Structures are given as structure tokens and as C-alpha cells.
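Just one chain follows, in the form predicted alone, and it is written as C-alpha cells.
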Amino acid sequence: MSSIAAMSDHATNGTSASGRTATDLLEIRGLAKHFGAVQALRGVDFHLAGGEIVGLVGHNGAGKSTLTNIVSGSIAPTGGRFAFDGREPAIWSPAIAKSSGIRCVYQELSLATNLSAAENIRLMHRSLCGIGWRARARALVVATLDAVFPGHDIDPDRRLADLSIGARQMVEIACAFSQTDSAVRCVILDEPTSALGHEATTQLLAYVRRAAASGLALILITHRLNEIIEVCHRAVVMVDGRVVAEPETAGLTRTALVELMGTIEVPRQAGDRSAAGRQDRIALAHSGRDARDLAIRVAAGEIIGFAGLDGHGQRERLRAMFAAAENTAANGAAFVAGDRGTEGVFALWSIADNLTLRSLPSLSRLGLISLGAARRLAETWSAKLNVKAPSVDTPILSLSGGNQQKVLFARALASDARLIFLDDPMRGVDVGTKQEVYRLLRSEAEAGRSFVWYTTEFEELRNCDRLYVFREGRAVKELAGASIDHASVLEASFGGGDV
């Protein structure tokens, strides 16, 4: 259980100078939290009303997840005041938060992957018990999935471990919105679309609007700032554990929101470098599975993108090419996983140990690893990616999800691999870091490295020299340079044009 200092005065009546009203479901004042030497929250004020969608934005490590973890009862604050539904609880825990109607979709998926969707929803709702509980649990999870993600095609009896990360994300979201004996009053969505494709993202955002219209309070955390502007009523901008701005989203531009976060966004241009002189330096050629599946070639110094609707074979082809490169490339290949929880992070290791893992052969002499060289490599690349931590000896799980992802990028870039494969790697990464990574990838490509990049965000594809659009498990269209545009990608994704 976690305790929260009681507020000395009651929830505000009427409208205060800060904009708070008597209808506020949640009110926080002066919230503070530290993890050892890391000061995660520094006196945060926050409020949320029923029927309101608030977007929580900020760079990785700004304190967003810490704030919402306190609201959901997962961690205890160091200090501050807290009121929910006009009451000032002396004790706040996950069980109390849940019984009060608070649900949370965590950035790192929290369901039991050895169980099915129906079994997971049974764990959430203890009223699903007795004879016939499985049928009722199955009906509840299917009904909620149908409401949020129509046409989802998820088997409620299949183990979550056997589902794609996108499908697991959909199940987690459905569980959060489901209700039995207690009503859902507030849902916290921490990077809910990071693993979803375009269609599922559109469905979720539409459902969020409908839920708010029915009176539900929602907190949306996402680095996809267009989603904040599109669906939220208000944005709360956090920098270094503090709230620095609370603009209304009506009329707010993406550029203005980025600037409030302390970053100047540089417009990205489509990759338009000439292929002349590079196509004779093929780093990898990979044949398709049949005549309708395009052969994919990757030239030295080229950034290749995989596009199309999520789940149409991009990940499978990416992994097949990685396996081929591992066996044929002189220095092997490096891989940056988007699903860092199961494929990327070694949870019990430090930042340095995680970052230098791919580089151990080059750090070894006569079978012995140079600890000094390993530490210098970790410190150099941790600084290049601006990993926010007291030192490289910090346990990686103490970092925010976005900072963990930076470590995975650093692991690949610090290695001697000339071919690097990126599996939707920007999940949970803030806009400022994204721009730094884009520049870094371009710089590495200019130096001769090659990248194969699958992403569900179209704007990221504009950093590529060429794209392969996938449909129904095959690469069906190649686009290059100025021909990389949203309309062309969509047309190829749905089978239009000459495909």
C-alpha cells in the first residue's frame, strides 16, 4: 500500500484562478517523487474533470509515467497532496484506485502472457467467478474488443505470448475499458498506440472521444503529438519533473507544442539522395518468396523503409533479412527491437551492460574484456543518445521506457555492424530524441552504414531513401525519393494503382 499526505483544505468549489472546477474528479498539488538520486517529480499540480481528455506530454524522463503511476496507486509519492472525487485519501493503493474506477494501460504491457485474454480479464474482475466464469470472461473481453477495435480478429482463448505485440496491446486496452461490478471512471493511457497500426490507432482514438462524451475522464500520454491535438481538450506539458504549461488544444499547432517542451522541431524532408554510385555496393540482397514478392536490395549507406498496414509481413521479412545478414555480412548485423520488454532489455543489468553487449567481441583481447574500454564506450554512446540517468551503472529498469529504448539504439550504433535492422524502434521516444536519432542515422548512413527500418509512423518513412510497401505478406511496391508520399503508400497498401 502507498500513503498520500492528506490535503489541508477540501476540493475547490466553483472555478479557481488555476482553472480547477467543482467537477474535477482528480486534483493533485505539489506532488513530489524521487528514486534515490533521481528526482522524478518536483512539485506537480494537476487536475482532471469527468468527460475531459488531457494529453500529458514531455520528453523521456520528464515525469509523465511517474505521475500516472502515483495516480493508479502503483508507487507512493515522496510528498504532495491528492484528492479523488472530492475526497482526500490517507491510503492509496492499486486495489483502492481500481475500486474507485481508475484503470491504467501501462507503456510496458502488464498482462500475463502465459494466459489467454479471457483468463487475464478474469484476473482483473474477481466477480467473474463460479460456474461458467470462462464463458462470461470470454464474452466480456470479446464485447469490449469489438467496441474499441471492430474487426480485430483476436482469439480470446489464445495465449497472449502467441499474439503479436499489437494484438497484446489491444487486449490490454480492452481490459482497461471493461467493467463488471464497478464502473470505470478514469482511464490512463500510457503510449497506447505505440504498438498499433494505423487502423487500430484510428479506432482507439475514435473510441476515446466517445468514452469522454459519455463522461469518462481520460489521460493520454503519447509522443505522437498529432494525437494529442486531435483528441485532447487540454495538454499538460512536463519538463524535468515539473508542469510548465497547460494549453488548450483548440488552435494549438504541433510546432507550438514542441516548443513548449523546449525543442525546436526541424522539418523532415523525404530522402532524396542520388543512388548513383551506390547501387554497385550492395550490402544485402534478399529474394521474395514468390514472383509477386519483390526482391529487396540494400546498398551501402542507404536507409530502406518498410511501409504498409501493420501486420502485412514487414516484421517477418525484416527478421528474415536480419538472419541472412548475420550469416553473410562481414561484421554480422545489429537489431533494434520495438518490443524492448521481451526482445531488447536485459532487465537485471545496468545501462552499461545492456549497451555494450553487442560490442563485446571488439572489446575483448585474448578472451578478456577490457572493462575500461567497455565503460568508455557506454559513456560515449549514452551521451550521444542523451540517456537520462545518474550514471551508466544505473539499472536499466529504473529508466523511463523511452530512455530504455535509447539504450537499445546505442547498443546497435556502438557496435561494428554495418547493417542495422530497426523494428518500429521509436515506441515511447520523445520528439526531441527522434530528431536526434534521425540526424544520427543519416550521419551513419553517409559514413557507409545501411539501415532497414520498419515503422508504423508515416512521417518517419520520409527519412528513408527508398520504401518497400507490403500487402498480404509480400513487398508489392517500391518507392524512392520524392515519390515517397502518403497517398502512394496508401494506394499500394490497399492494392490500388499498378500493384
Partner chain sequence: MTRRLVLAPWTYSFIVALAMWIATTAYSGIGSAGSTLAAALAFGAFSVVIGTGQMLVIAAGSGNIDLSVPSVLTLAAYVSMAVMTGHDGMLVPGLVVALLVGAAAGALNFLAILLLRLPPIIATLAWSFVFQSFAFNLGGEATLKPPALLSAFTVWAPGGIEIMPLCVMGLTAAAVFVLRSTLWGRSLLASGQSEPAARLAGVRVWRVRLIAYAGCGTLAALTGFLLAGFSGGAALNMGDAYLLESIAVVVLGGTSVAGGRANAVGIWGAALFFNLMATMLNTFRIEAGIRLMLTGALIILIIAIVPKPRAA
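Residue numbers count along the first chain shown, from 1. Here the structure is a predicted model, which means the values were calculated and not measured.
Note that the form predicted in complex with the partner chain isn't included here; everything after this is about it.
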Distance check, Phe335 to the partner chain in the predicted complex, heavy atom within 4.5 Å: yes
Any non-hydrogen atom of Gly151 within 4.5 angstroms of the partner chain in the predicted complex: no
Contact of Arg376 with the partner chain in the predicted complex (heavy atom, 4.5 Å): no
Val244: touches the partner chain in the predicted complex, heavy atom cutoff 4.5 angstroms: no
Partner-proximal stretch of 164-172, 325-333, 190-198, 83-91 relative to the partner chain in the predicted complex, 4.5 angstroms, heavy atom: 325-333
Residue (of Asp146, Glu259, Asp393, Glu343) lying close to the partner chain in the predicted complex, criterion heavy atoms within 4.5 Å: Glu343
Candidate from Ala206, Ile282, Leu371, Ala383 lying within 4.5 Å of the partner chain in the predicted complex - any heavy atom: Leu371
Whether Leu357, Leu360 and Gly367 all lie within 4.5 angstroms of the partner chain in the predicted complex by heavy atom: yes
Heavy atom within 4.5 Å of the partner chain in the predicted complex - qualifying residues of 118-143: none
